[in-house]
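Starting off, we have a lone chain in the form predicted alone, written out as structure tokens.
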Amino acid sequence: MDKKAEILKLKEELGALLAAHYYQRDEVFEIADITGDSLELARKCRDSDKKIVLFCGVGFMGQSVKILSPEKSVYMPKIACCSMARMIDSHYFDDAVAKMEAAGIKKEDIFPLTYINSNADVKAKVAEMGGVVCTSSSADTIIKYAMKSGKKILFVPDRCLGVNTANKMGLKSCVIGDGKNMKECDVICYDGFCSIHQLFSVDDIEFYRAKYPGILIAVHPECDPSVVAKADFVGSTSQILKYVKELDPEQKVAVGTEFNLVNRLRDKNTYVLSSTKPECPTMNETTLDDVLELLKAIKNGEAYNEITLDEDTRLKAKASLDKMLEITK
């Protein structure tokens, strides 16, 4: 029996749900029961009647499933880390708040927002201050909501999503440590970023525009603001998928996001907006062998890599997620 057949057989026996993020390698993506972006997957897992979840992605995504579905057993073949999520934890969050206080902004005048690409402890910290989680597609809606409070917005951890959304909305932004006066800014961003989306440059855009006149450029808002400013379309993973799908098949498009997703978009006239292969190393850690070995271990009562959260952290993190879902419904 080959690996795929064995995985499918064990998955059926165990009643397990296999979830895979869009950025997973093809061999894993193709056998998944559900695919999608991080929050989309967490919601699909929650809505499934399956009690065992095998999540193929990075750590904070597995946590999101557990936050929304505490009754489920959530396992990850590889607990890979997201470099952006690793750039902030509860201590770094407190430090960012302290730096805003040192700049003359009272803690009670700070409204924190965290990108969903953060671990549960950060989401819990945000909830403690009355803040909200956002996704790349809901960042502008959540910032509009936060602005109604009259407070300064602390946006963590992705400086690019924070600055790009502020630019889109005509708001003044800065990054902690960039020398700007925080008191004069609406959105104060933590200095985190996605290592993959930093690979795309204005030079890449100019190269493709010169080589293919009329080509369209679509990028993710985790890209540098200079790249976003020159793109024809800026959107989340799901929004990029929809945008490209609706283009004329003959329309050439260069896409600035993770390689595996771009490579699956369509057969022709789609290019990766980079001179190097923008493949997320941690998203590509999970293999068929990893999935198979974990399923075998679960069957034998030797399960590992289970995602667990203490209940206080889970409930606080869930509050910040629920608040986002309520705002964006």
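It should be emphasised that the depicted structure is a prediction, and the values quoted were computed from it without experimental measurement. In case it trips you up, residue 1 is the first one in the sequence shown, and so on.
A second form of this protein, the form predicted together with a small molecule, is not displayed here; the remarks below concern that form.
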(request) Mind telling me which stretch in 219 to 227, 183 to 191, 160 to 168, 91 to 99 gets its heavy atoms within 4.5 Å of the small molecule in the predicted bound form? (result) 219 to 227
(message) Taking a heavy atom within 4.5 Å as contact, would all three of Tyr23, Tyr115 and Ser136 count as contacting the small molecule in the predicted bound form?
(response) yes
(request) Using heavy atoms only and a 4.5 Å cut-off, determine which of Val272, Met61, Leu294, Cys45 is in contact with the small molecule in the predicted bound form. (result) Met61
(request) Answer with yes or no whether His197 is in contact with the small molecule in the predicted bound form, where contact means some heavy atom within 4.5 Å. (result) yes
(message) Would you classify Ser236 as touching the small molecule in the predicted bound form, given a 4.5 Å non-hydrogen atom cut-off?
(response) yes
